[in-house]
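This document opens with one chain alone, in structure tokens, the form predicted alone.
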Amino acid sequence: MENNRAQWSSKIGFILAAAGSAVGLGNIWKFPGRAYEGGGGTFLVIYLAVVILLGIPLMMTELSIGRASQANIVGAFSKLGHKKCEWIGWIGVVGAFVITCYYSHVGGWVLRYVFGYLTDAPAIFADSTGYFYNMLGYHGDGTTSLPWVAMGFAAAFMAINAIVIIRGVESGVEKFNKVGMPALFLLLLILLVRAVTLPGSREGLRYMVTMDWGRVSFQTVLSALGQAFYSLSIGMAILITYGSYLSKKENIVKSTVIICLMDTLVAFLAGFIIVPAVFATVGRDQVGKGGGFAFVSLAKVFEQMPGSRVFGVLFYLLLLFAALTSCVSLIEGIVAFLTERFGWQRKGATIGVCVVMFLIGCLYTCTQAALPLKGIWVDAVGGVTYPAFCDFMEFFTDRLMIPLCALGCCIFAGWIWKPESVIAEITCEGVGFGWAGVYRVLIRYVAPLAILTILVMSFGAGVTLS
């Protein structure tokens, strides 16, 4: 191990940081909607099975590649003796870069809503749709303007991330997650108690634990597969980077299981908060997923809750912690690559990439409503299409770059570096790995097939998996 390479100062620090990278906005505003559409309890069982069969093996693989190489995501493949496989790492870096461009702006919207519920909750309740689109530059009279407020809060959000990253792995990333992750779980528990004690929430709780296998279809399984896959930070410049900061004494199998369970627990808790709360206030047909639901529809839920402003603030603080922990990990992976590959100083690299990502991300916010800029996309159903640039950015990462990087890692670990090398890395300090034989099958056959399914369905059936 290189003497000057950063390391986690403690096991709990690594676990909280890795869990923070996995726990993001998708756990809280996408998962409840998917769980509702997938039949409640039935979806939860399918999702848990996908995490066990796909998420855990893939996460172990990426952490093992990182620890064995002690390098960033691009350098990891050449350090393990296969320079021609560096393309996998480059895809991960580019994907993480583009994700951070728009993720930082969505984080800025969340920060805006924290202040909005603190200072202007009546305006949000009076016209939640108008409030949201006005923030994005679309006004009630049909006119548009540049969304300066949204971009200003995005700049503040990115500045917070930069401060954490500049402080380094142990003093910045690790310490931030040691505070951020417990705070996130505390907010989840407070909101859970409030949700399940609302009059009428019992029906939503019952729905979330009811097994209705008659509602299961291929799309249900695919939805669970996509949600689990993207939720765990697989196929980005995160897990290999975080794995490279691990000591050989760390039990990768045990840590991976804990991280995946923590991520899954956050998603499940979010489902048990939002679905019962929506059932109890505005009706079951209002359960949705995505930004529109999180910023517009949930305002109607909070409005009907006693202590509406307080619980609105708490919910968006929850989203803010989730967004920050994920964004920090994305930027860390990119900065680690730049400092090691090109010899840049951490501070300069962090400030530089954060400024560039923020500026590119402004196109994401502006093309929500204010600017008509288009991207280009191709699929088997629609042929050549020209989606709004904000949608194009998400298509590019979620449907192409992330699955390709994850598929490359599977091919590398399963057929080039070989499962025996991964197993040797996992067991190097006498750590037991009783299901090594199962792992070989999962990483060589099951995981690649699942990822190929995501790719084919993304381009061949117009399915939104992210």
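Source: prediction; values computed, not measured. For every residue, the number given is its place in the sequence shown, counted from 1.
Below, we refer to the form predicted in complex with a small molecule, which is not included among the displayed structures.
- Using a 4.5 Å cutoff between non-hydrogen atoms, residue 25 counts as a contact of the small molecule in the model of the complex.
- With a 4.5 Å cutoff on heavy atoms, residue 277 does not count as touching the small molecule in the model of the complex; it lies far away.
- When the small molecule is considered in the model of the complex, residue 230 lines it closely, a heavy atom lying within 4.5 Å.
- Taking the partner from the other structure, the small molecule in the model of the complex has no heavy atom within 4.5 Å of any heavy atom of residue 242.
- Stretch-level contact check against the small molecule in the model of the complex with heavy atoms at 4.5 Å: of 342-350, 135-143, 323-331, 279-287, the positive one is 323-331.
- Checked against the small molecule in the model of the complex, the candidates 315, 103, 109, 77 yield a single residue with a heavy atom inside 4.5 Å, and that residue is 103.
- Checking 224, 357, 88, 238 against the small molecule in the model of the complex, a heavy atom within 4.5 Å turns up for just one residue: 238.
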